[in-house]
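So this first bit is one chain, no partners, the form predicted on its own, shown in structure tokens.
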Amino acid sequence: MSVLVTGVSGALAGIVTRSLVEQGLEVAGLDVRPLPMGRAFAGEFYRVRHYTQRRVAEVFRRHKPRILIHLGRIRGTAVRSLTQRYNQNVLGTRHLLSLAAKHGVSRVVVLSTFHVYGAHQHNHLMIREDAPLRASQIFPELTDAVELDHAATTFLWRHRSVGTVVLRPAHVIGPNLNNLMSRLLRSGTCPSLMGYDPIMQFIHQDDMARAIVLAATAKSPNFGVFNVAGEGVASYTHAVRLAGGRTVPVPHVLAYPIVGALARWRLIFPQHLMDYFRYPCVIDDSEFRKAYGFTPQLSTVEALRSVGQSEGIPR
């Protein structure tokens, strides 16, 4: 059986593809980025300028994948241009999904994010999958993430013959990841908003990879939209301490302009994510656990302690 994975230059996708190959599956990979230097890919790798490129259709025709795993969302910290992110994340996702329907793909897994719910002072604890996606109303910079999620859920309901799973994970962290939260925790000194210490959820890279592979290969799958989180929660300041760092409290009135200035040089997280370090955004992942029999193997404490143990993989 052939599997097409997008975003394979990322470390999480690397863990996923290795797991698929170990199960005896044939894997092809797509990405708009080159493979990191020194990393081999166990299959055929195709670099494209964008996911709407004609070459993507040629990959579908050549490999005839039965499973599509879309991990190719471009993060806001990787590309400054909102237009470029929208084109890759939204138009690219729509194109990939239309090709999946056209070429007889039987299962699709799309990696979204819990950020789509938005961070707000009136958020309920344990946000369920049917909660409104308010992120773009609060943060226009997250419009592409919300629209990617909408594209996947619309495909889920319109194309019932294709089993589609949309995953909205909490913060995915680990020693190999170069995403925003892993970099921040690994930095050793983390700013915090004076007077705020929100509860957060984390999931280790290996557990998230297991969740993705399970959604893609389970023999008796349950299709739909699912939150995914690790075992337990931690306050932001406690999470930083567990990762081996310390927090530096910053007054609220100074934090936003300081973070905005540093973000322009990509020295810290983007300003529009500040409210996620201010208000809790805690998701209920019970549906995924029930549907797939999923239990994280690493606790939140173990996941956080692992972040600083970087193995030098750059993405």
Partner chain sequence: MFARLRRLLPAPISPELRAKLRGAAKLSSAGFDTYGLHPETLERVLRWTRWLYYSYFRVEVEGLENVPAGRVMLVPNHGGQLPLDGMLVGLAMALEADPPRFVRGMVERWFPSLPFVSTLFVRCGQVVGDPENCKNLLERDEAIMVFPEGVRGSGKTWWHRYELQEFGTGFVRLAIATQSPIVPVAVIGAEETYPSIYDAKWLARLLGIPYVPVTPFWPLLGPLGALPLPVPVAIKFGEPITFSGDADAPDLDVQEKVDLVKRRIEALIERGLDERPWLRALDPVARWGQ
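Positions refer to the first chain, counted from 1. Since this is a predicted model, take the numbers as computed values, not measurements.
Below: the form predicted in complex with the partner chain, not depicted.
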remark   = From G195, P132, G104, G188: within 4.5 Å of the partner chain in the predicted bound form by heavy atoms is G195
request  = Scan H150, H159, R94, R128 and let me know which has any heavy atom within 4.5 Å of the partner chain in the predicted bound form.
outcome  = R128
request  = Kindly indicate whether L20, H63 and T217 are, all three, within 4.5 angstroms of the partner chain in the predicted bound form, using heavy atoms.
outcome  = no
Stretch from 114-122, 95-103, 164-172, 138-146 whose residues place a heavy atom within 4.5 Å of the partner chain in the predicted bound form = 114-122
task = Examine R278 and determine whether its closest non-hydrogen atom to the partner chain in the predicted bound form is within 4.5 angstroms.
result = yes
inquiry  = Under a 4.5 Å heavy atom criterion, is A291 part of the interface with the partner chain in the predicted bound form?
reply    = no
request  = Determine whether any heavy atom of L71 comes within 4.5 Å of a heavy atom of the partner chain in the predicted bound form, and answer yes or no.
outcome  = no
query = Taking 4.5 angstroms as the cut-off for heavy atoms, does D206 touch the partner chain in the predicted bound form?
reply = no
message = Suppose contact means any heavy atom within 4.5 Å; which members of 130-158 contact the partner chain in the predicted bound form?
response = none
